[in-house]
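Shown next as structure tokens: one chain only, the form predicted alone.
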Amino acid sequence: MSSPTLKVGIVGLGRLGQRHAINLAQRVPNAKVVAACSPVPAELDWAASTLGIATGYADYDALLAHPGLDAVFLVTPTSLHADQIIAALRAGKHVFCEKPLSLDLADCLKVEAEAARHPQLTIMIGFVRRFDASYHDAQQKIAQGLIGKPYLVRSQTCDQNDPSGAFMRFAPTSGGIFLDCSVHDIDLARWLLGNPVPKRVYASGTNAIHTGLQAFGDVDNGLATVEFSDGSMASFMASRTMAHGHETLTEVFGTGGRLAVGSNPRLNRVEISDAHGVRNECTPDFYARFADAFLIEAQEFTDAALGRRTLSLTLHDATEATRIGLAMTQAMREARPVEF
């Protein structure tokens, strides 16, 4: 007897969409990509020639009507997420959507309300770091009491500088550095601290290199602190200007110890000793750091949609990450603390 297969439509085939498509088509045993959707003909051509996805749609509604489609994988601009999720749920499809859920809190709540009307459908927002082996291990150790009661998370997402400033074309719609980069750290902090309720945020930022971001109310380096109602805290840093590579670092301080994930952003276990000293190469970008986690994430979604397990994160987690990210952005732009 053959195992059940989840028939998936991949929506959005940019750099990250292509990586998701490859995982689903080649590395997730119980998933089959039966159709692709993109307004860019070259992306549909890539899906057909590289992965053998013969059916391509320029129109999202047409994809949702594809015969036998079970689920959609949304790797689309954030401004489209809420409406695309709601349309898929109303069409009876399971939904995976890349983070963030939305840049608008009202839209997040609208999606939550729609999802509640379809309890038989699986909906997952892609907070991929939860599926990284090291972060998962850290969370388990905290839950087991290894470091006592956690009271502070310090987490940063620092990207290697792109001298071309190519990311600037996304600046008008990205929501700013905190919603674009720190939203992962926000989700981690809530998860590692036991989902405390935010009380107040402080934030500031600067444009060290990419001064053009100022026109969009954005920065290339940002700092934020969140105070929670239970007395715990989180401190965040986001940067687009690292010289050495991509660096994701999280520290958790507890009453009985401290855990750190990613203290050295090493590419692999090779250590170089030469005239410059002892060193290692660094991860060049986020995908190099979290490639395995993206695969585990896709497998969990597939298994949940097939009824084999429950998800390890909720839609409300995504709403809270947006809510905190929006408050951090407001605090930075208005140069004042923001209360919840």
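Numbering starts at 1 and runs along the sequence shown. Just so it is clear, the structure is predicted and the values come from calculations on it, not from any experiment.
Not on display, but discussed next: the form predicted in complex with a small molecule.
So, L80 and the small molecule: in the predicted complex, are they within 4.5 Å at any heavy atom pair?
Yes, contact at 4.5 Å.
Look up in the predicted complex whether M328 has a non-hydrogen atom within 4.5 angstroms of the small molecule, and give yes or no.
Output for M328 is no: heavy atoms all beyond 4.5 Å of the small molecule.
Indicate whether H184 is a 4.5 Å heavy atom neighbour of the small molecule in the predicted complex.
Flag for H184 set to yes.
Is F170 close to the small molecule in the predicted complex, meaning a heavy atom pair under 4.5 Å apart or at it?
Flag for F170 set to yes.
Pick the stretch from 268-276, 30-38, 48-56, 299-307 whose residues have a heavy atom within 4.5 Å of the small molecule in the predicted complex.
Result of the contact check: 30-38.
The unique member of A138, L213, V128, M124 whose heavy atoms fall within 4.5 Å of the small molecule in the predicted complex
Of A138, L213, V128, M124, the residue with a heavy atom within 4.5 Å of the small molecule in the predicted complex is V128.
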